[in-house]
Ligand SMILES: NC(=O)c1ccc[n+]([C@@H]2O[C@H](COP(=O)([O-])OP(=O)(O)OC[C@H]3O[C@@H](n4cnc5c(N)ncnc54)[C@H](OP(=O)(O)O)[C@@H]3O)[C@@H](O)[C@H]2O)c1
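Just the one chain here, laid out as structure tokens, in the form predicted on its own.
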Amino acid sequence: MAQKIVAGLFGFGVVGEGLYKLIRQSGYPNVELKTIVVQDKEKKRLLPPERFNYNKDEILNDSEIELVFELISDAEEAFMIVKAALLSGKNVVTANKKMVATHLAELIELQQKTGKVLLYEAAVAGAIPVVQTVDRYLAWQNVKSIRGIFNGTSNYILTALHNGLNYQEALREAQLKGYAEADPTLDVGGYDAKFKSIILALHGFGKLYKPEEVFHAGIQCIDSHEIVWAESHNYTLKLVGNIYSTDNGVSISVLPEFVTTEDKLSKVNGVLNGVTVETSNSGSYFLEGEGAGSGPTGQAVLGDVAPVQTNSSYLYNKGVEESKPVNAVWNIYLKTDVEALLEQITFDQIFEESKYEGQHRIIGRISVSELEKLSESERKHVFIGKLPDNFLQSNKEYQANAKKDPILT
């Protein structure tokens, strides 16, 4: 049995409390949770006030504490804590996906400089061990693509839409059940899934991407027309993080996808997450499970303790190269009620154009660089759904109507 490890915990929200319960309930023998540091002195918590500290130095300056669990929500404060912990000779386990994705290069440099262990399995897909799978089990494999449903909130809403609710009804239901925040932008806007995709791009492809350079679009503008259209063509709508190799480099994006019924992701419903990893040598792997919540994410944090105790850092076997996403070309379904936005972009090819109830819909082929001309604030008024690459070949009605010359410039 591994020697007991003395730990300090930053944060006692949903994940922190879940981790504490797991350690107590499972009788996990190798972790002594010595100190818990929180910020809000007035907040009522599971434990009595005397169990908490309010000064981060109570952990950072304690030489007895050798492992730091960083589980706060503020990404920049989290980075300062992780940096200080590593520099003070402590190992770190974190669940903060925004912090990790934003500061990946600096974190790797710090980890290598200090020789300490930094792990973040819980930052990507809750209880699904996808980071370790890609980083270690597939370390010597040529990964061709990683596609996943990485956000349980948006997946719950989209599942509810396919079950007959409208967007506002589905969002309200998700909020009442605790799956969505009062401000759900990070989830439904695709930001959360983007941070997770950036982390997987490093482990699967050796590429470092800046969040602001990765294209993402959310589900805020979806309505029943998209659901009806999808189902009439045997598709299911999912918010998908997609990383894949091309002849020119690696493409990375997050946006709604019209997923075929044969695709395993189409069966991932509710708050579940699912990931498909395709390799050149050993085919495809599919992982599915709870992607968020107190128990699943707490378990992912606890699962990183064993590698810490054996001093097992990530391999980063694919390399660590700062990169920019390639300019892919997609088949898309685009809809907006702000027609002026369409004057900014040019389609390579238009398969269908129509107007209904104040909405302008275009189904066609367009490059990512054109879509990026729409600012993030403008994208809040546009639904952009990615269609399968073989969409035109499998839909003869669109073949007949497709226009080679763009009508929108």
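Because the structure is predicted, anything quoted here is derived from the model rather than measured. Residue positions are given as counts along the sequence shown, with the first one as 1.
This next part talks about the form predicted together with this ligand, which is not shown.
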Checklist entry - Based on heavy atom distances of at most 4.5 Å to this ligand in the predicted complex, which listed stretch, 337-345, 41-49, 354-362, 375-383, is the contact stretch? => result 41-49
Checklist entry - Pick from V271, V277, A174, A95: which residue has any heavy atom within 4.5 angstroms of this ligand in the predicted complex? => result A95
Item to check | in the predicted complex, the residue from N91, S253, T297, N331 that sits within 4.5 Å of this ligand by heavy atoms | outcome: T297
Checklist entry - Does L22 make contact with this ligand in the predicted complex, using a 4.5 Å heavy atom cut-off? => result no
Item to check | in the predicted complex, G293 touching this ligand (heavy atom, 4.5 Å) | outcome: yes
Next on the checklist: So in the predicted complex, is this ligand close enough to L387 to count as touching (4.5 Å, heavy atoms)?
Outcome noted: no
Checklist entry - With the cut-off set at 4.5 Å between non-hydrogen atoms, does I350 touch this ligand in the predicted complex? => result no
Checklist entry - Does any residue in 43-77 get within 4.5 Å of this ligand in the predicted complex, counting heavy atoms only, and if so which ones? => result K43, R45, L71, I72, S73, E77
